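What follows is one chain in structure tokens, specifically the form predicted on its own.
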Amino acid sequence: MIKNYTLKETDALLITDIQKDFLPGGALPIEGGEEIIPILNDYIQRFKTAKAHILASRDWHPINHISFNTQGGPWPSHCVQETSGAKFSPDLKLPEHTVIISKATDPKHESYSAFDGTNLANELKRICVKRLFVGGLATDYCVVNTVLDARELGYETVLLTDATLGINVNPGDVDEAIKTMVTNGAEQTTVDDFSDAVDVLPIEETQPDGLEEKPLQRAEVKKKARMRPKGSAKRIRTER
């Protein structure tokens, strides 16, 4: 069934973990992670135009976080507070007043969900959000856990399938994550399901420190992201 979403001021866009360490060249890169950024920028423009809310979550780990290999965890050190790798991608055009949600700040507790140990639930209540659209990294970790928590809290929740990418450490993890989200009441959508088209501003207009790309190169990356199958995933490259 094709939906036609019209955004309202009670809608919110939540972008999960588009941080340097999760992108090529980072400490824990997801192959192809940069491909969803132009699509997320498209969504950002749509939400800005509708005067809807925009939030962004980030891993904000202490240096001794339990998830790190050095502490017996499964991941290499990444997104450590105040480091370059913890910064959002310069290509992600977050508005000035984006609400930033920092998660996994307790060294002894892993937090994949943007709701876990944060003020996100209170913030959504404060700004009177009724419907939450979620995209970002990674589908089978932070995205799925955030979506499930949003559903448990009673929010109408929509997964942006063209603006998420998974890890798939175990084959089928991404498909299983999507299935779990849908089973728990989340909807799936792509940018084509929205009522009005929005022109994406050139990166340099809002992110002067971003990577330089020619317009045709940006268009090609955006096209690539949209053509990616909904259940697709890239395997993570870990340190040996």
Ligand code: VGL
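Note that the structure is a prediction, hence the values are computed from the model and not measured. For every residue, the number given is its place in the sequence shown, counted from 1.
What comes next is about the form predicted together with the ligand, which is not displayed.
Checklist entry - Tell me, which of A150, L92, A163, A138 has a heavy atom within 4.5 angstroms of the ligand in the predicted complex? => result Selected option: A138.
Checklist entry - Just one of Y155, W75, F88, F115 has a heavy atom within 4.5 angstroms of the ligand in the predicted complex, so which one? => result Answer to the contact question: W75.
Checklist entry - Closest heavy atom of L132 to the ligand in the predicted complex, within 4.5 Å or not? => result No, L132 is distant from the partner.
Checklist entry - Might C142 be said to contact the ligand in the predicted complex, defining contact as any heavy atom within 4.5 Å? => result So C142 counts as contacting the ligand.
Next on the checklist: If we define contact as a non-hydrogen atom of the residue within 4.5 angstroms of the partner, is L28 a contact of the ligand in the predicted complex?
Outcome noted: Although the ligand is absent here, L28 would touch it in the predicted complex, with heavy atoms inside 4.5 Å.
Next on the checklist: in the predicted complex, is there a heavy atom of the ligand that lies within 4.5 Å of any heavy atom of I167, even though the partner is absent here?
Outcome noted: I167 belongs to the contact set for the ligand.
Item to check | Segment that reaches the ligand in the predicted complex - one of 155 to 163, 94 to 102, 75 to 83, 117 to 125, heavy atoms within 4.5 Å | outcome: Contact criterion met by 75 to 83 only.
Item to check | the ligand in the predicted complex - contacting residues of 14 to 39, heavy atom within 4.5 Å | outcome: Residues within 4.5 Å: D17, F22, L28.
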